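One chain comes next, on its own, written out as structure tokens in the form predicted on its own.
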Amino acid sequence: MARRTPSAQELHRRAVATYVKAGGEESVQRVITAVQGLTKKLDQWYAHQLVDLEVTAGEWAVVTSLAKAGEALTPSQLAELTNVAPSSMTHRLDKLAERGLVERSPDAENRTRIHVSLTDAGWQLFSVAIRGSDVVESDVLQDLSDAERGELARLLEVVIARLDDIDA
């Protein structure tokens, strides 16, 4: 007889119990384990989405970095933002430029410096991906009212603000 796969809720409960048994504080473990489980599940979905969009995770990191920056960035800035070596960034930018998703242009003040920006096609890819993931993310939160979503967002933003104060 095949064993049934435990639900996400059951896996969460077991993990919290294990961490508490090892000395963790229950309320902390409930929150952190839930965030980790949610992140893991969404990351799996996002990985499938990138395959469907024919974009690697590294290429997606460049697209999102440019979109979030709202301005052109240098390859060095992109390499730093995405945690890769400059040579790897050059390869990523070559592939994205070949697909028409980014464009390189020389800096008007320093002709040795290159700026990279999203093309209209790059913005369109970004938009399609965000709209697709918003459907799944909305499904994840469907059991929460608008007020509960707002409160959850507010509480998580308080936690995020604290992250800069923690030495890791």
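All residue numbers refer to positions in the sequence shown, first residue = 1. Bear in mind that the values here come from a model prediction, so they are computed numbers and not experimental data.
The same protein also exists as the form predicted in complex with a further copy of the same chain; that form is not shown, yet it is the one meant from here on.
Asker: Among 121, 53, 31, 57, which has at least one heavy atom within 4.5 Å of a further copy of the same chain in the model of the complex?
Answerer: Looking at 121, 53, 31, 57 one by one, just 31 meets the 4.5 Å heavy-atom criterion.
Asker: Give a yes or no on whether each residue among 138, 141 and 149 has a heavy atom within 4.5 Å of a further copy of the same chain in the model of the complex.
Answerer: Contact check passed for all of 138, 141 and 149.
Asker: If you check in the model of the complex, is residue 77 within 4.5 Å of a further copy of the same chain, heavy atoms only?
Answerer: Residue 77: contacts a further copy of the same chain in the model of the complex.
Asker: Is residue 113 part of the interface with a further copy of the same chain in the model of the complex - any heavy atom within 4.5 Å?
Answerer: It does: once a further copy of the same chain is placed as it appears in the model of the complex, residue 113 has a heavy atom within 4.5 Å of it.
Asker: Is there a heavy atom of residue 98 lying 4.5 Å or less from a heavy atom of a further copy of the same chain in the model of the complex?
Answerer: Output for residue 98 is no: heavy atoms all beyond 4.5 Å of a further copy of the same chain.
Asker: Evaluate residue 105 for contact with a further copy of the same chain in the model of the complex, applying a 4.5 angstroms cut-off between non-hydrogen atoms, and reply yes or no.
Answerer: Judged by the heavy-atom cut-off of 4.5 Å, residue 105 is well away from a further copy of the same chain in the model of the complex.
Asker: Where, within 29-53, is there a heavy atom within 4.5 Å of a further copy of the same chain in the model of the complex? Residue list please.
Answerer: Residues within 4.5 Å: 29, 30, 31, 32, 34, 35, 36, 37, 38, 39, 40, 41, 42, 43, 44, 45, 46.
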